[in-house]
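A single chain, nothing else alongside it, follows as C-alpha cells in the form predicted on its own.
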Amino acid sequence: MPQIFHRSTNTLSRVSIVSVLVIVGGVIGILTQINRTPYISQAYMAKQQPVQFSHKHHVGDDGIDCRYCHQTVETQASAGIPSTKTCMNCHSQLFATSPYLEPIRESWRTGKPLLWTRVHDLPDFVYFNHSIHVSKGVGCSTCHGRIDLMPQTWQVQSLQMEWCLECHRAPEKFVRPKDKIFEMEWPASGFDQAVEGPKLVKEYKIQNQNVMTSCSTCHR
C-alpha cells in the first residue's frame, strides 16, 4: 500500500501539538498575571465617596485612633463604619459651616446614613473576621498599609487568596505585639521578626498550618 502522507508530516504534527501546548500555557500564564494586576484587584485605586474622608488628616495629622471610628474592630467580624454621630462629635464644632461637609450635616438632620463605598470588598464566599486577626497580633497596616498617609482611601493589597495564604502559611512573619496593633509605622526598629515572630505565634496560640490553610477556615 503506498504511503499517503509524506514522512515530514510526523514532524509537522509534533510541532503543531507542542505549539498548541505552548500557546495554551502562555495564554493561561498571561491571564494569571493579568488577574494579579490592579486592573482586576482594584489595588491602589481610590474610590469615590459621598465625602472624601482623609485618613492622612484624621489619623496622620490629628492622631485619632483607628478604634474611635471603627469601634467594633476588636470584638466583631466587621470593623464597623462610623455613624454620622461619630463625625458630628467633632464637626458640630470644627468646620461646622464648611460646604464640603454638608452631606454629613444633611445626614445628621435627616437621620439618613451616608452611603459609603466599600474599599476592601471581599467576595461573599469568603469569611473574614477582624476581631480574630487583631487578637492574634495582626496589625492594621499589615493589611491596610500606611492608611495614615492616605488623603483618599485605597487598598494596597490584592485581597486574593494567594495573599491571604502567604500569612496563613507563615504567620510568624507578620504578627506583632498586641500593644502595637494600631501602630502604623511597623516594623519598629529593634524588633527582630525572625526571633520574636515564632514566640508570638506560640504565645497567641495560633493554629498550625494545616488548620490555617484548611478550606473551611475561610470558606464556610
Partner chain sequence: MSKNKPPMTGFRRAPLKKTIGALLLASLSLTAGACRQDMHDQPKLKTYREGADRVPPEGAVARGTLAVSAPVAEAGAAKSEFPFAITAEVLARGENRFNINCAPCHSKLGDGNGMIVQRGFKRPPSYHEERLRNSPASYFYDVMTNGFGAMASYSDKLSVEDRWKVAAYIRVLQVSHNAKIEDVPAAERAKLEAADAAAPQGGQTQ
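If you're wondering where the values come from, they're calculated on a predicted model, not measured in any experiment. Residue numbers count along the first chain shown, from 1.
There is another form of the same protein, the form predicted together with its partner chain; it is not shown, and what comes next is about it.
Contact check for 141, 146 and 157: none of the three has a heavy atom within 4.5 Å of its partner chain in the predicted bound form. Stretch-level contact check against its partner chain in the predicted bound form with heavy atoms at 4.5 Å: of 146-154, 98-106, 131-139, 117-125, the positive one is 117-125. Checked against its partner chain in the predicted bound form, the residues 27, 188, 40, 194 give one hit for a heavy atom within 4.5 Å, which is 40. For residue 110, no non-hydrogen atom is located within 4.5 Å of its partner chain in the predicted bound form, even though that partner is not displayed. Within 4.5 Å of some heavy atom of its partner chain in the predicted bound form lies at least one heavy atom of residue 64.
In the predicted bound form, its partner chain sits within 4.5 Å of a heavy atom belonging to residue 57. The closest heavy atom approach of residue 44 to its partner chain in the predicted bound form falls outside 4.5 Å.
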